[in-house]
Every structure is written in C-alpha cells, then in structure tokens.
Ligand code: ZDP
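To begin, one chain is listed below as structure tokens, in the form predicted alone.
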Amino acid sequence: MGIKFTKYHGLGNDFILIDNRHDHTPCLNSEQAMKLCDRHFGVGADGVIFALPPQGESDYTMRIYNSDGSEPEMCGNGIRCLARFLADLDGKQDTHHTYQIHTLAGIIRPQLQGKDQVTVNMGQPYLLAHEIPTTLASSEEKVISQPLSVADQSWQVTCVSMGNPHCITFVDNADGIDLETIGPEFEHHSAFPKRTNTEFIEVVSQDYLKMRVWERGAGITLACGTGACASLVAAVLNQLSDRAATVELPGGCLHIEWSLQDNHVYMTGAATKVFDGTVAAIL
C-alpha cells in the first residue's frame, strides 16, 4: 500500500499534492505531513496540499499543512499548484477553466492561463486590526506604517490579511535582511495572536517591488503568493506603488493587481509540475 502524490512548485515554493477527493478528511495527519516535508528523510516540500470533495457551491476543497505541521487558512502559490493539479486530474490543461476552491479563507477562484500560468482572484484584502489579527491598533482601525519593536529595532509596519495574516515593512535593501534571525522574531511577536507572515519589501519603482519573506509555519521560502498580494496592497496604502505591479521574489516574479473596480486582488504566476511518486502509507 502507498499514497500517490505529485510534486509541484510555484516559483520555488514547493508542495506535495495528494488526490483526496474520495474523503473529506485528509489521508495524512499533521505529524505525517511534517515527515513528508522533511528534505532529508521525506520527499521534501514547504507544505502538503490535499484536494478534497466540494463544500457548498465549490468545485473542490483545499486543505494544507505547512512543513511545521501547522494549518494555514490559505496559500497563494499553493492554490495555483492545486489548480494545475486538478486540471491534470480533470483533463483541462489547455483550457481557461476557472475553479471554485473552498479554503479556510473562503472561496478562491483560480483560472488556468496557457501552459503553466494561473490567475487567481484572491478576493478583497482585510485591513482592520481585528481582521489581521493584530493588537497594534484598536479593533476597527487600520495598521499603516505603525512602529513595531522587534529585536531591539523599530520597524514601520503595515498589516494586511489575505485570509491569512501579513506584516509588511519597507526596507532599502531586501537582500540585506538577516531573515533567519529576524523572521522568527516577527512571526512570534506578541502583537500577532495567530502569528504572522512577514514581508520585507524594497521598492524598485512604482510598478516593481522586490520581496523577501518569512512564512508563518514554513520559515524562509522562495515565494509566497498571499505575501506578494499583501505587499502590493501595503505599498499602495503607503503611496509607494501603482495598483498593478510586478513583485520579484527569490524564486521568480508574480504580477499582482489590486482592482479599483471590485477591490479584489488578482495574482498571476506559474505553477509547475515536478514529478509523480508514491510514499509508504505509514510514515
């Protein structure tokens, strides 16, 4: 007995995709997912994504465990990979099909674009402190360029939720940030009761941002789709960016647009299949 899987990556943010459409409960628990994500003793990935049966009006349901076993509300790169995985299962690779995916952050709608590109309607950003959540402002206030003390340094931060929490700070040199040291300090800061993803953004121009990210539950990753969306929103709120821009991540670029028409954020980027495999049923 074994569990079949397919490995995908979105700009180097890599995931193990499992066809779990026969059952509403993931076939692996969080501890097993952690072992599967281990890059020395397992397959190696930033997370494990399960394609589950639909809920309500959705086509399918997405569940994901991070490499540390935690379960995020949603994952932008992950849902692009899931859309490509479902297209492979459904035989829709060459169409512009749109899926309705139920996530813990609500219904997300990825649309297939060409060979490996996917455009995702990420919905509207959430900006109020209680929606993030964060204690940096009162419940109904926004957190825009507010001071936050981390590791004996004051940072100006803007907080955005894309269904999961993000803390964005603008820096002169993104490459100069010691992510391994400072990332955990942000993630576990007391101002974020559900922890937070943290993005360090260098504004290259009004339509080009450079980003490095420390992901909640995964650490340093090559890309973060929800983080890129949150960062574009934060840049607009701070009058540092146009409403559409390229976001450069270590693994590649995403095109992000915060639409004036519907207030939704749209993300376009690649989702690439790596290989198929089978793992032992008991890890």
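This is a predicted model, so every value here is computed, not measured. Don't overthink the numbering: it's just position in the shown sequence, from 1.
What comes next is about the form predicted in complex with the ligand, which does not appear here.
*Asks:* Please tell me whether any heavy atom belonging to P72 falls inside 4.5 Å of a heavy atom of the ligand, as the geometry stands in the predicted complex.
*Replies:* Answer yes; at least one heavy atom of P72 falls within 4.5 Å of the ligand in the predicted complex.
*Asks:* At 4.5 Å between heavy atoms, is T134 in contact with the ligand in the predicted complex?
*Replies:* It does not: once the ligand is placed as it appears in the predicted complex, T134 has no heavy atom within 4.5 Å of it.
*Asks:* Is V48 near the ligand? Define near as a heavy atom within 4.5 Å, in the predicted complex.
*Replies:* No - in the predicted complex, heavy atoms of V48 and the ligand never come within 4.5 Å of each other.
*Asks:* Any of the heavy atoms of T158 lying within 4.5 Å of the ligand in the predicted complex?
*Replies:* T158: no contact with the ligand in the predicted complex.
*Asks:* Since the chain is shown here on its own, which stretch among 216-224, 51-59, 35-43, 234-242 would lie within 4.5 Å of the ligand in the predicted complex, judged by heavy atoms?
*Replies:* Contact criterion met by 216-224 only.
*Asks:* Quick one: name the residues from 2-34 with any non-hydrogen atom within 4.5 angstroms of the ligand in the predicted complex.
*Replies:* Read in sequence order, the residues that approach the ligand (within 4.5 Å, in the predicted complex) are N13, F15.
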